[in-house]
Every structure is written in structure tokens, then in C-alpha cells.
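Shown next as C-alpha cells: one chain only, the form predicted on its own.
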Amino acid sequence: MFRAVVVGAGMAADFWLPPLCARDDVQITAIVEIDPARGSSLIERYGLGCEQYPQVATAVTETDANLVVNLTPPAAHRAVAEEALAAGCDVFGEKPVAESLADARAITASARAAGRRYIVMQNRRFAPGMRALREGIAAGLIGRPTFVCADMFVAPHHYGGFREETMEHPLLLDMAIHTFDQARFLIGADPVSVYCHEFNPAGSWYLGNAAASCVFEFGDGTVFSYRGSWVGEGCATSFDATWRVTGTAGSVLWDGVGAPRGEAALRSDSRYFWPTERVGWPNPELDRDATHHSEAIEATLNTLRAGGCPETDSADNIPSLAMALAAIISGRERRLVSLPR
């Protein structure tokens, strides 16, 4: 049984709690929230029947918890994680793993020292269409990937809070990190360099930069191109972006919603443009959750229960954070930036 303390009662809780509460092996034992009114509202909204506590360690001790769900803003991730890990809990938290690589590495070291796990919610890689996209690529249906492109243009007006009011890099650090993590998942390698142009378009309602264009080179030679905007009014993509992956034998498209569609080239000695044929791509199952939290939580908790290492353990997730942070440096300094290895 997972006895879980939820830290933070902001908007993220409404994505996490329904799939957590739907599991027979999860009991929410406590809420930790700096705003008592918001914490009480969350308890009432989901009928949790638990108490609020002012500190993580106290909540863990008094409710005999073994899991902490960290839904705090990124600036608080390290403090919450280290307190929870020291109290003997695994931690499953919102992305990014931390605000800096130093903090991310410190959290990972603390988890190892405690014999526990810190898992990052990279829910977008659990989209059924993304899993199907990777399955076909891994099967070699378009040969070896050489050029991966993703576009994410949406314009959410309802967020408010730290994303709109305080974050310097709301797109790159809060949303693009999802797409960056998906790119790592698809390519099966880590990037070595990035050039980024980050900016805040006219009419933006964000304090920080809400748009960016990035080009990453990966260690295996694959190039990943990302274009995104948090203020992209009209002709919106899905939050999972639209994807084109070109390989040595063909290409595949995914609109972020349905099934991938691939075409392979047919060699011809007489044709200027070689003909192509549709590839029988794996079809994803019907999506149960538009944000994919259900799939991510199911996979993570099932792996923890079996004693394994979840797919988005913090040690694996650090390169995704490194992509976002390197892009920020490149955007600020207008230069090519090498990523740490």
C-alpha cells in the first residue's frame, strides 16, 4: 500500500489526484500546504478525509507515509525532496526535477544515500501516440532517425501563478522540458549541444520569455529542432506538439493526438523522386487521460511496487533538465552551448 503525503495544493493537484485516488493501493494520508485555505479546499474537493500538516517530516511521521507527492513550484523541489527522502519516503514530483543541475544532482545523491527513489513526472512521454511513435522507430520502420522536429503552439490564459507572474523562462523550463524529454525518449540518446533563440512575443501575458526556437545535436548525430510558444493564438497544436521524424529509409508524422503515420521510400534507378509507401505503424490504444498523468502514475507506481527503477527516475531525467538549462543559456548569450556529459 502506498501511503502518500501530497505537498502543494495548486493546479497540479487536479491532474494528479484523480488517478491517484482511483487506485486501490494508494491512500492519501496528509496534505502539506502553506496556504491552509487552499489545502482545506483540496481535501473537501476530493473527499480525502485526511489532515493538513505544516511540515513534510511531521506529516510523514504522524501518518506513517511511505510516498511523498511533490507538487510545489520548482524553487521548492530540493528542500521538499531532501526532507521527504530523509524521512524514509520515495518521492514522485512535478517536473522539472529542480531549478539547477546542482540541485538535481544533490536530490539524486540524497535518494541514493537513503535507498529511495526520486521520480519526475514526465507524463508527456507516456502519451499512447508517443509510445507508438517510439515503438515504430525502434523497429526500424523508417531506418535510423536523422532529423526530429517538434512544434508546440498553444495559448493557455488560465494558468496564472508563478508561471505567468515570476518565471523568467516559463516555456523552456515548464513546458518545453516535456518535449525535450520526449525527444530523448524517441532518439534514445542524449544531446551534446544547442543553439536557442528565446524571446517574449508582443502581446504576451507572461513576465518571462514565452517563445523559443532551438536546435539540438545529439551524441549519435541526430538533430532535433524545437519551435514553441505559450502565446501561440490560433491554429493550435496539441500540448504534445506535432512531430516529424525523418530517417534513413522514410519519415513519420504524429499530430500529438491520433496515430502516427509513416512512409518508407522505395528505391528506384529511374525516378527523380523515389516513390513511397505507407508503413504499417503500431496503433496506440485509446487515450484515457489527455494529460497522460494516469499512464505515468500507473507505470511508475507499478514499477515501484515491483521493486524496480521507474523510467523517469531523477538520475535518468537530469539530461532533460540539462537541455532546458542549456537552451536558456544559449538564448541569453546568443551562442552555441555544449551540454554537460
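None of these values were measured; they are calculated from a predicted model. One-based numbering along the sequence shown.
Below: the form predicted together with a small molecule, not depicted.
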query: Contact of D103 with the small molecule in the predicted bound form (heavy atom, 4.5 Å); finding: no
query: F199 within 4.5 Å of the small molecule in the predicted bound form, heavy atoms; finding: no
query: 4.5 angstroms heavy atom contact with the small molecule in the predicted bound form for G262; finding: no
query: Close approach of A9 to the small molecule in the predicted bound form, 4.5 Å, heavy atom; finding: yes
query: Among 26 to 34, 271 to 279, 294 to 302, 311 to 319, the region lying within 4.5 Å of the small molecule in the predicted bound form by heavy atom distance; finding: 26 to 34
query: Residue among A127, V245, V91, L71 with a heavy atom within 4.5 Å of the small molecule in the predicted bound form; finding: L71
query: Listed residue (R184, K95, H169, R227) with a non-hydrogen atom within 4.5 angstroms of the small molecule in the predicted bound form; finding: K95
